[in-house]
Structures are given as structure tokens and as C-alpha cells.
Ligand SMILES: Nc1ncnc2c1ncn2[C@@H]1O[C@H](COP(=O)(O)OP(=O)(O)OP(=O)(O)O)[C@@H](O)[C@H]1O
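What follows is one chain in C-alpha cells, specifically the form predicted alone.
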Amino acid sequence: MIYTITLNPALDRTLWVKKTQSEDSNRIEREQRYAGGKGIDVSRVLTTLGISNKALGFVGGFAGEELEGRLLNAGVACDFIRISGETRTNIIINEMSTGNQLVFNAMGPEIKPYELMQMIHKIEKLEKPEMVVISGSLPPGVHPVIYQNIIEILKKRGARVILDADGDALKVGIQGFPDVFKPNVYELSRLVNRELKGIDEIVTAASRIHEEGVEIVLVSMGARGIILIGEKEEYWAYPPEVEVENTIGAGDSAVAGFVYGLARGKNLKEALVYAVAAGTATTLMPGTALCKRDDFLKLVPAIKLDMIGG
């Protein structure tokens, strides 16, 4: 079974306005709401691509009820821990006249110690965890060491673990040695404490993380594609030029595409192509909508792949 873990999920409220004005009313032209959070996004895309999975996380209050209801309506299986706080709501404002996008991410509710332990106990008892994606920010009250602990629990259960995080959660979580680590280039730059620009610099930094004990490092670079560094395989896959509507969720979709490939028994090269196709397909969607299966399938044969150093 494939699981995703999102400790700080969100209800994404996406608004469209013609133009933002600081001294006058801003009329909302349209609005959409989505279940959000990095792991939640992975579950949504996996479900869209026909891969059975289950989303885990914390939910609370009316926003949490709406988030879970939206997932259930989308066919996503859930097994959440109920908390006393209210699930956060993020605000995304799309300015139609310029194409600019403003994103306001809320901190999230404080997680009580007993609620955190309920999650740990649930993870310890997961039924046949084959692959588990752990991703996203941490809510208030949760120490970054939680990611390391969860990774260690899951690896003892024989699960293949994918980590996608940033900041302290990443720095501590990576010490649990996930099987797959998926930063974007900015997150990797912060991890190694220097700005990474050229492909050679990115490959060198990713290779060092691999040498420290992470089996596979995937570095997403936006329109430049994704680099994969493994034990014997190093690839760079990149998409064709497309008209980008939105970049929110593209990295999460790439993780889902990679998991999709592994779940179907594909090799790393093929899984990487699926990752780039899924991430690119999401950029074609407005607001915080995620990729469509048809767009994903159309993009797969258009993805270019090079062997690094070859």
C-alpha cells in the first residue's frame, strides 16, 4: 500500500481578481477551493493517475471537515487524526490583468503532544506500507525530529520512504536517511548553505547528499526539469516548452509521477520521465488545480532525457 503523510494540510482558497488595488475594494471574479498540503497533493495526483493510496495527516474544525470531504469526493482514501485546532486555510490570489499570483500560507493549528502520539501509533500499525511519501511543513508544536522518527519507524517496517521538506524539517529529517529525497533547487541550496545555479553545481550538491546515505536524490528545477542522482544512474530529464498557468503543486505532482512509475514496476529512468510529465502537466492547470491524466499521458513521450556525463 502507498501512503502519504501531511502533518500540516490546508484548505486552499483560490481567488481571481482583475487587478489588486491598495486603496479601493477588490472585487473577486471567481473562487475555487481545494484540499491542499504537499502530501495531500501527491495523493490527489496518484488517485488521478489510477494508483491506490491513502492520505494520512491531522485535520480539525470546519476547514478540516471540508478538506476531508473534498478528498473523499475526489476518490482519495483518507485516515486522518482529529485534532482540537482548526485546519489552516491558505489564500491564493490570481491577478488576471498581469498573471501575477500572491500566495498567503497560514501557519496551521498547534498540535498537542497526545495528538502527535496518536499519529505515531497509527504509523506504527500501518498495513503493509510499501511506499510512503512524507512531505510539507510542520505545524506549530511539532519538533523537526518527528520526520526523522517517522522515517526510521517506516524503514524498520520495510517501507520505501520519500521525503520532500524544507528548512529545519529537512535538515533533521534527512538524518533518518530516506530512500528518496526530493528538494527543489532552492531547498537544496539552503541545505548546503550556498546558491546553486549551474547544472554542475546542482549535480555536485545532490551527489554529496547521495554519498551521505540517501539512495536517490531528485532535484526539481522548474522549467529546466529534474535531475536524478542514484547509485549507478545519473539522469537529467526536462520537458518541452509549455504555456504555464500555475506552478503551485508542480513539485508535489512530480513526486506523484515518480511514485507512479515505481508502483508500476518501471526503472528509475522511466520513473523520472513520469515525474517530469506529471509536474509539467500541473503547470497547465489554473489556480491550485493539479494535473489531468490526459495531459500527463500526452506529455510522457515529449520528455527529453540525458545521461549526466554521458
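Source: prediction; values computed, not measured. A residue's number is simply how far along the shown sequence it sits, counting from 1.
Below, we refer to the form predicted in complex with the ligand, which is not included among the displayed structures.
Checklist entry - Which residue among 56, 49, 250, 59 has a heavy atom within 4.5 angstroms of the ligand in the model of the complex? => result So the residue touching the ligand in the model of the complex, by this definition, is 250.
Item to check | Residue (of 173, 225, 136, 108) lying close to the ligand in the model of the complex, criterion heavy atoms within 4.5 Å | outcome: By the 4.5 Å heavy-atom cutoff, the listed residue in contact is 225.
Next on the checklist: Please determine whether each residue of 78, 126 and 129 possesses a non-hydrogen atom within 4.5 angstroms of the ligand in the model of the complex.
Outcome noted: Not a single listed residue reaches the ligand in the model of the complex, so no.
Next on the checklist: Taking the ligand as it sits in the model of the complex, is residue 271 in contact with it (heavy atom to heavy atom, 4.5 Å or less)?
Outcome noted: The answer is no: residue 271 has no heavy atom within 4.5 Å of the ligand.
Checklist entry - Is residue 28 a contact residue for the ligand in the model of the complex, using a 4.5 Å heavy atom cut-off? => result No - in the model of the complex, heavy atoms of residue 28 and the ligand never come within 4.5 Å of each other.
Next on the checklist: Please tell me whether any heavy atom belonging to residue 221 falls inside 4.5 Å of a heavy atom of the ligand, as the geometry stands in the model of the complex.
Outcome noted: Yes, residue 221 sits close enough to the ligand in the model of the complex that at least one of its heavy atoms falls within 4.5 Å.
Checklist entry - Taking the shortest heavy atom distance, is residue 182 within 4.5 Å of the ligand in the model of the complex? => result So residue 182 counts as contacting the ligand.
Checklist entry - For the chain shown here without its partner, which stretch in 28 to 36, 260 to 268, 273 to 281, 62 to 70 has non-hydrogen atoms within 4.5 angstroms of the ligand in the model of the complex? => result Heavy atoms within 4.5 Å of the ligand in the model of the complex occur in 273 to 281.
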